[in-house]
Ligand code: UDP
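Given as structure tokens, the chain that follows is alone and in the form predicted on its own.
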């Protein structure tokens, strides 16, 4: 069968490669001029590898995903670290750990038990948290919630914590020891040795796959194919007839600095009420210094509505009342009536997915479809 895949990010790449290896002819199109979706990276004029759409740090507990992904390139271990700037200008580990609690409260705790007892004292007794604010306050109290999460959430999502689903903040771990890595210690954490773009080039390197970059989707294309796996925004496909599914986007402010002192961590979060959420020093990531130029590249992120940023959709919005999820379900019902079409990926299924989740979901989806043929 001749198959159309819309989108050259992780979802499209997994579907394309899996179906091509099963003997199908696959055409992959993407309206952007490059492969890799939001994971696209490149070496800039400062000799630094930059992730154009913000830092992508791979982590997973899924061995199946690791086995599949490492077929297409070499990886290096990397444990990601983030620091948050406190109101006094000092840096503290993020996610919250023992040293963060000491820095904020001026305590001298040295054991996890002491931190656990402290958090138990300041936490509010909320049996069934209804929103992100109540979830955080029931675990870390009001002060830490308001410092590390309230301004950041307002900037990131355009909503207060009380308006957001608890799932938005449940993704962020809480530690009571001195572990200062961002992701869980029981996960495999790694980066592609030669960057994500080279990894995608290897995924698409198959005689059964044809790439069409800088090519937008139109319904007329469907006449040429037996089936379509579509990663475009599902509401856009249906002409927004039921209303817009909102997304948050990011404006990236890039600057050049001369090489200087090492950073404590590649990513720094801002806890203030200013417009920026975080910034990344790219050459602090392993193998991101491609050429010695004496310059470094810093990217600062400013969240905004996707309609204010050229319709660039990054993060689906998940509110406490579930209103946008309910709207998506109506679009999904429309999609079920579409012949020979399946929506995939973050925008096609309106989900906030990590890279490993997209890969796992796409492998399962491609295999399920193949079994039905």
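Fair warning: this is a prediction, and the values are worked out from it, not measured in the lab. Numbering follows the first chain given and starts at 1.
Another form, the form predicted together with ligand UDP, is not on view; read the next lines as being about it.
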Quick one: from 157, 75, 78, 252, grab the residue that has a heavy atom within 4.5 Å of ligand UDP in the predicted bound form. 157
Contact with ligand UDP in the predicted bound form, heavy atom within 4.5 Å, among 203, 98, 228, 169 goes to 169
Ligand UDP in the predicted bound form: contacted by all of 148, 182 and 315, heavy atom 4.5 Å: yes
Would you point out which of 209-217, 111-119, 191-199, 169-177 contains residues with a non-hydrogen atom within 4.5 Å of ligand UDP in the predicted bound form? 169-177
Answer yes if any heavy atom of residue 94 is within 4.5 Å of a heavy atom of ligand UDP in the predicted bound form; otherwise answer no. yes
Would residue 152 show up as a contact with ligand UDP in the predicted bound form if we use heavy atoms at 4.5 Å? yes
Consider residue 297 of the chain shown here, and say whether it contacts ligand UDP in the predicted bound form, taking contact as heavy atoms within 4.5 Å. no
Quick one: is residue 288 in contact with ligand UDP in the predicted bound form, heavy atoms, 4.5 Å cut-off? no
Select from 266-292 the residues with a non-hydrogen atom within 4.5 Å of ligand UDP in the predicted bound form and write them out in sequence order. 269, 278
